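Next up: just one chain, as structure tokens, the form predicted on its own.
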């Protein structure tokens, strides 16, 4: 009987210790010592999978620098772009993914201050005569799912829009003649052209009347996190870290 009582007390003690560990883990989560960041590593040079198999790129380096200023460890989760906004506040704390500030997205999230200006480009076959918005009418256009490129393609008269989870798949379909053009942001467009210089070319979105856009970090709606992120982003810009990362990953001022 004494042995059974001793075993029972030992079990209770172990459960108490484990419960204490669970409380500590919960406190860590509540204190946000770890910042869980969603991204989509299919958007070079802002996000891509590095040689180590982990997300890398300008945005990844930037959010890690921001996290350091905030005193938080950054944990990056690679997700489909179209699922990022819906995951903020549940699966992830915030998202950075070359995400354009958009009124529809702003209904669900709060955006940080802008950190990069971009414009949509159009990738076409190397021998294509497409040059204006009218030339894209009634064409089949490829775009990454949930991106501004997809929205712009849908706004062009008569288009058939084919969407992809990975931008590179859209470019591959362009090369293979399955789509007539791909709409994507300038920097990724230039990366893909550098990879397939004999097959495709990129045309400045200004020729298609595309307006400049601005990237920002998506944070939970009505939270204090966006204020912390903005403060850290300003510090990263002020101390020269931001410019150094631009030079390293993008190569322009």
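Residue numbers count along the first chain shown, from 1. The shown structure was predicted, so the numbers you read here are calculated from the model rather than taken from an experiment.
We do not show the form predicted in complex with a small molecule, though everything after this point is about it.
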{"query": "Close approach of residue 97 to the small molecule in the predicted complex, 4.5 Å, heavy atom", "finding": "yes"}
{"query": "Contact label in the predicted complex: residue 139 to the small molecule, heavy atom within 4.5 Å", "finding": "no"}
{"query": "Residue 162: touches the small molecule in the predicted complex, heavy atom cutoff 4.5 angstroms", "finding": "no"}
{"query": "4.5 Å heavy atom contact, residue 199 to the small molecule in the predicted complex", "finding": "no"}
{"query": "Options 69-77, 143-151, 170-178, 130-138; stretch whose heavy atom lies within 4.5 Å of the small molecule in the predicted complex", "finding": "143-151"}
{"query": "64, 116 and 228 each touching the small molecule in the predicted complex (heavy atom, 4.5 Å)", "finding": "no"}
